[in-house]
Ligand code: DGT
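A single chain comes next, written as structure tokens; it is the form predicted alone.
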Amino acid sequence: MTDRVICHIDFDYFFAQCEEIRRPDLKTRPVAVCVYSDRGGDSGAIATANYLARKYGVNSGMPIKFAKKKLADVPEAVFLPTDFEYYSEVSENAMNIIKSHADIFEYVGRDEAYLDVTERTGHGFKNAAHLAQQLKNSLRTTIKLSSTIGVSSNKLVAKIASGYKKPDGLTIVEPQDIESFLGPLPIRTIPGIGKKSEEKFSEMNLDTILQLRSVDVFTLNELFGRKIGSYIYNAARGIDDEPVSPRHDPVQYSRIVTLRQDSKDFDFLVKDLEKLCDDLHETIVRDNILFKSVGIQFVQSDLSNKTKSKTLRNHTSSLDELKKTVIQLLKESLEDQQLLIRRLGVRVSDFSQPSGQADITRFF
């Protein structure tokens, strides 16, 4: 499938850039967007930092306390709490512009998407370069959003290309150039290669993708299992046949059940609640998502609705965390529950895509 023309678009330092759009004065200042935990104070982690903050060593995932130490001598530095509702609004507006430039559009997350532009570019990479630049210009003039785009003949190489020149980059890798483009790049550049995999390759004195090509598929299968081994073998050669597929972006996932009898007894309700969690978790794993908000819903005996939710400290896909949270929500809800409960539901929302090692499953 080398006749395809695929783009991968990634919004630069997205959360921090959204804050700069809202407050243009922040563009000249180091900005760190923080996910504060419910422990109070500076407990929590950095969600995104702009490039000025990164120059001081502030990066995503870093504890807020450490980040503040690194910027202690920079009085103009700004630390802001996340505003996911606003970021989602900016993302939705941007995605609508992106869709208008695609034959097939695939939503990946708030800040990235794939486009199949084969038909509208006449299978031509020169036309694709013009289209990608037009898209970047449209996002900048309409939303004031900077983006980086990679263009190639498949999703894998397009994604790697989009990370090649950041921020505000555009990289075209035509089919005949794929192997030479990938060769000198570090092995960790391959999507899904995490720290553990990288350590294994380092032990084998393998650092670049070109060096990785010296390992046969049977050795990779022994090290990582057949699926992952085959993926790594093909990825090192820029081989990927996965199509760009329209993907629904759900606001939330939920499950609800009508109880065998109306009740407000904890022991009776918790059994159904745990079954709902098991069922919901299968979908979470299948779609490879992380959630941060957990809620329960009651339809009471008078058919009125009652809901209670909690935002977790971090995004997760953990079944234990899901069950622990909904059981706690159930206990709290039953403390002042007057009416019997007729139907019981569980929901998760505020989604994110996994990164690092978990990503590898998205490329099978």
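Residue numbers here begin at 1 and follow the sequence given. Quick caveat: nothing in here was measured; it's all calculated off a predicted structure.
Quick note: we don't show the form predicted in complex with this ligand, though the next part is all about it.
Contact with this ligand in the predicted bound form holds for all three of Tyr51, Asp111 and Lys166, each having a heavy atom within 4.5 Å. This ligand is not shown here, but in the predicted bound form it comes within 4.5 Å of a heavy atom of Asp10. When contacts are judged by a 4.5 Å heavy atom cut-off, Gly41 does not count as touching this ligand in the predicted bound form.
Not displayed here, this ligand is approached by Phe14 to within 4.5 Å at the level of heavy atoms in the predicted bound form.
Using a 4.5 Å cutoff between non-hydrogen atoms, Leu330 does not count as a contact of this ligand in the predicted bound form. Interface residue among Leu322, Val35, Leu312, Leu26, judged by heavy atoms within 4.5 Å of this ligand in the predicted bound form: Val35. Only one of Ser60, Ser301, Ser317, Gln337 comes within 4.5 Å of this ligand in the predicted bound form through a heavy atom, and that residue is Ser60. Of the candidate stretches 64-72, 51-59, 322-330, 293-301, only 51-59 has residues whose heavy atoms lie within 4.5 Å of this ligand in the predicted bound form.
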